[in-house]
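One chain follows as structure tokens, the form predicted alone.
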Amino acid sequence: MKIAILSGKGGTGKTTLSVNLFSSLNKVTLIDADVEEPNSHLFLKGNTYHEEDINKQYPVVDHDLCTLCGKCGEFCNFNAIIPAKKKVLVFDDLCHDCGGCKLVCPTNAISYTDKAIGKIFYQSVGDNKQFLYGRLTVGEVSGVRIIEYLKNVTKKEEVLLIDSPPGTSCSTVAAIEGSDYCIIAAEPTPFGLSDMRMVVELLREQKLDFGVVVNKSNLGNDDIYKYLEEEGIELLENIDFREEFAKIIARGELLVDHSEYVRNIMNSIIKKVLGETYA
């Protein structure tokens, strides 16, 4: 079963929820798909046993064959390839590796070459648990290829948790695609509710089942609960804000290792999403 944990904005506790659920399950794999800012590894502290480069392809122009017709530039929506006065300019950081410019070139002047855009790290955590995370190279504009690779190498796992990028970008869509269930981490504030609405809209468009965990539930106001009731959205659990929790997280430690209250909440979420067998 693939379970994606996501949020409308950063700082709602998405990673905290992911790593504590991971720690509460016996047989599970976690991938940190927030490849621009991965941080699950700061809490899990696993042993890295393998690293792998992830490449993309970008166009190379043979200027002897190029006639400067401009079709490649017309096709590219990302301005990664631009016909100038004397030659075609290629901006490899902007390229999304779609292959379209090569297809539209009438003189076959465009070929492709590889470029490393990031890495994947494989870690073992505790007894028989696997954790993977990706890291996008600074300056690259899209981590979708890394996310897709992370999901592909873990597609046969019995239970897979996906710590998704925040928001509703292409990276988030890539992370949640094909999930059996999604858990939204939200907070009861005006910004928290506003951003959660966009996530709800995305999940409904993708026809994915989901529920909500309200973090810092003793702060803010009740608007989020009114919204959940009006929209018929399942409230999985509430997690209070406590100063001691903030200190534990700041030390890079897991809440379930220090709080029976949080352990009970994680077990409750597991029962509701995965069933009694996994609790």
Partner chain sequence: MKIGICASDHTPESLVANRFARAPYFAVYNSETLDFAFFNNTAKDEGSGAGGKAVKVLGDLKVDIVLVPELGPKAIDALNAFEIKSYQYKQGKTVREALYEYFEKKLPEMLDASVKGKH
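Positions refer to the first chain, counted from 1. Since the model is a prediction, treat every value here as computed from it, not as a measurement.
FYI, the form predicted together with its partner chain isn't displayed, but the following is about it.
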| query | finding |
| --- | --- |
| V144, L193 and R197 each touching its partner chain in the predicted bound form (heavy atom, 4.5 Å) | no |
| Heavy atom of T107 within 4.5 Å of its partner chain in the predicted bound form | no |
| Heavy atom of R204 within 4.5 Å of its partner chain in the predicted bound form | no |
| Exercise: N79 in contact with its partner chain in the predicted bound form, heavy atom 4.5 Å | yes |
| K119: touches its partner chain in the predicted bound form, heavy atom cutoff 4.5 angstroms | no |
| Listed residue that, although its partner chain is not shown, lies within 4.5 Å of it in the predicted bound form (heavy atoms), from E148, E157, D93, D180 | D93 |
| The unique member of L89, L208, C170, V153 whose heavy atoms fall within 4.5 Å of its partner chain in the predicted bound form | L89 |
| Stretch in contact in the predicted bound form with its partner chain, which is absent here, among 158-166, 171-179, 81-89, 129-137 (heavy atoms within 4.5 Å) | 81-89 |
